[in-house]
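Single chain ahead, written as C-alpha cells, the form predicted on its own.
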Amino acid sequence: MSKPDHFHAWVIDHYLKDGLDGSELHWESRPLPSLKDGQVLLSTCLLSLDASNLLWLSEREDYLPQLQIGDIMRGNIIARVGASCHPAFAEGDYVLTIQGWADYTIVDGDALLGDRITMKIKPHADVPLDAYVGTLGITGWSAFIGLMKVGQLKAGERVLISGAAGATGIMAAQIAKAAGAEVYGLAGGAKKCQFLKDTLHLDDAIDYKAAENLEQTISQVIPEGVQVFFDNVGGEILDAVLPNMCINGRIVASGSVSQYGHAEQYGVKNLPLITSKRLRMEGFLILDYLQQINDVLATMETWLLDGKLINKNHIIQGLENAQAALPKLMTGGNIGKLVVYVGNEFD
C-alpha cells in the first residue's frame, strides 16, 4: 500500500470580518513527510462543516487555541488510519477527531490519545459512514446532551427548536419527539418547514423568514408557551422567543450562528424576562461531556438501526469544494448536516 508524496489543504489567508467573502482560505499542495516512530498517518474520509468553523476563522476567542494566518483550517473529520508507527493505532482503524482541512495528515499518536476529543469508532456494517459525522456524530451528541442533560426534557413538554432544519436542530427535533415531547421548529423557508412536518413529524413549524412579527407568530402557534427552547441561532430569534417562554422555562444555548462572523453583535432586548419569568438559560460544550459519549453513541446507533432516527446530510463532493460550501452555514442553504466527502483511500 503506497503512501502519497504530497497532501492538499485549505490554509487561512485572512480572518473573516463581517461575513464570508470566499477568499479567507487558499488551496495548497505540500510535501508529506515520512512517518516517524509514534506517528500516525490519517487519510481523511469526511469533513464536517460546522458553525464552529466560522468562529475558528475569526479573531474571537473560543474554546480552542486561536488559529493563525498561514495555519491549515481546522475541522471535525472522520479519518482512516493509513499507516501507523504507534501501538495504539492500527492500519484501517477509524477515528473521529479535530484536524486540519487536509486530505492526509500526520499526527503524533500520543497527542491523539491525550486530546480528550479524538475517538476511535467502529462503524456498524449497516450504517453509512457519514452518519458518524451527523446523526451519530458531534451534532447528534450535542442535541442529546443539550436536551436530556442540560434541558432536563420531560415527556409531554412543549419544545421549540431554532435552526430546526440544520444539523443539530434536526437531531434535537428527533430526540425530543422520541422523548415524548410536543415539538415545534423554527426554520427559514417553506421547504424546510414542510420537511420538519412531513419527514420529522413535528407538531408544527414556523418559517421565520415569512413571519411579519415572529414573536406574535410563535404566540399564535404555541399559545400555552414554550417550556424548553433549544437555541442554535441566538440574536433576534432569541429575542422573539423570550416573551413566549413559560414561567420556569429552560433555554438550552447550543449556539448563536446568527452572530458568527459579524463584527457588530446583536443586543438582545428581552433579557430582563429571564428574571421576571424565572427562566434558566444555560450554555454547554460537548467537550465537557465526552466521558458520557460511548453510552450516548450506543443508544443513538440502536435508535438509528431501529428507524427511530434518520440520517440526513447535505453532502458536498471533494475537499477542493469545501470553502465554496462554507457560506451555506450562514445562509441556511442546506437541510441537515453539511458534510464534505473526501473519500481518500490509498492505492
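In this text, residue numbers run from 1 along the sequence as written. All of these numbers come straight from a predicted model, not from anything done at the bench.
The next section is about a form of this same protein that is not shown, the form predicted in complex with a further copy of the same chain.
This chain is drawn without a further copy of the same chain; in the predicted complex, the residue among Asp295, Asp288, Glu59, Glu320 with a heavy atom within 4.5 Å of it is Asp288. Though a further copy of the same chain is absent from this view, in the predicted complex it lies within 4.5 Å of a heavy atom of just one residue from Gly82, Gly255, Gly100, Gly151, which is Gly255. When a further copy of the same chain is considered in the predicted complex, Leu238 lines it closely, a heavy atom lying within 4.5 Å. Contact check for Leu113: no non-hydrogen atom falls within 4.5 Å of a further copy of the same chain in the predicted complex. A residue is said to contact a partner when one of its heavy atoms sits within 4.5 Å of a partner heavy atom; Gly180 fails this definition for a further copy of the same chain in the predicted complex, lying far away.
Within 4.5 Å of any heavy atom of a further copy of the same chain in the predicted complex lies no heavy atom of Pro33. In plain terms, the part of the chain that comes close to a further copy of the same chain in the predicted complex, with a heavy atom within 4.5 Å, is 265-273 out of 124-132, 202-210, 265-273, 184-192.
In the predicted complex, the residues of 271-295 lying within 4.5 Å of a further copy of the same chain by at least one heavy atom are, in order, Leu271, Pro272, Ile274, Thr275, Arg278, Leu279, Arg280, Met281, Glu282, Gly283, Phe284, Leu285, Asp288.
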